[in-house]
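As structure tokens, one chain now follows by itself in the form predicted on its own.
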């Protein structure tokens, strides 16, 4: 609260004070009062006027400065009411009451929208599980009677299954803290499950799948890690080269971490797109030209790696390769607790 702004706001008070001074002088002169009395009354009035303004300024300045400093420091500014003292002037009390009512209304509206969103998410999850039942039945029929179905049917079923799974994990990612469990799991076991999910695609695309040095254990959630690796591998298959394509997964066990790399000799990512690949809904040049893409797979993968405490990075050279690295940090405290 600036003094100059306060004075400008109280300009009408100064004008009234000057008018009162003039009236005092005219009255004293009309009654032929002594000069000493006139001077004494004017000085007292002037001192009283400045003192009352100063008290008003400093107590309001203290209150508003407290509010402003707390708002700037807080990550959640709407909690400022919980941190300020009760003001000792009427305008401040009114201001706090207005803030309280506004905050209450905002919380009620946010709560209502959160409930609606949670209901919608629950419905989406339920719908996805319902859709997966006939989809699983179709997959079973295709695998039991391969001669009756074209390979294109298998491919389209796989695409549907991957898309539905991506929606499910995106919905769950918003409240992932309730949906993951960190424990020691074998990378080899996770990679085997992902390979089985994508075996038909590898065969269909004549793409070699190489695994090296993955018999190591890491701290992660196996279900989410399978999803993350599946998104990365799907991209490698989607953006492969036409001939002699391969995907190579290997792990490097270090003192403080384990690094898992997924390398493919595909078409690569343009340098201009590389910094944006983890952004939500970013499809890039490849996503628009090669095949229509949602741009959500890597976004969810990055989001979940952050929540699980892993680091995911990507390197690429257009027309040469793409390498995704996931770093699993070691936690000695975990072993001590066990």
Partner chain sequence: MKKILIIEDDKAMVNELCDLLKGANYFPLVLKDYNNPLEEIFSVKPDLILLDINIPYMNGQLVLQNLRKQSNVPVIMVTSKNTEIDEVLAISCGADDYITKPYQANILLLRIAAVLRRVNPNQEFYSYKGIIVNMQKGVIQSKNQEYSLTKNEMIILNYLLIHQNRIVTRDELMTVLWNNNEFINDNALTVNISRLRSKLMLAGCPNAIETKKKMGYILL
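Here the structure is a predicted model, which means the values were calculated and not measured. Positions refer to the first chain, counted from 1.
Another form, the form predicted together with its partner chain, is not on view; read the next lines as being about it.
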Among 257-265, 69-77, 87-95, 135-143, which stretch has residues whose heavy atoms lie within 4.5 Å of its partner chain in the predicted complex?
-> 135-143
Can you check whether residue 129 is within 4.5 Å of its partner chain in the predicted complex, heavy atom basis?
-> yes
Heavy atom of residue 202 within 4.5 Å of its partner chain in the predicted complex | yes
Would you please decide whether residue 161 lies within 4.5 angstroms of its partner chain in the predicted complex, comparing each non-hydrogen atom pair?
-> yes
In the predicted complex, residue 181 touching its partner chain (heavy atom, 4.5 Å) | yes
Even though its partner chain is not shown here, does it sit in the predicted complex so that 169, 195 and 223 each have a heavy atom within 4.5 Å?
-> yes
Since exactly one of 82, 108, 208, 150 fits, which has a heavy atom within 4.5 Å of its partner chain in the predicted complex?
-> 208
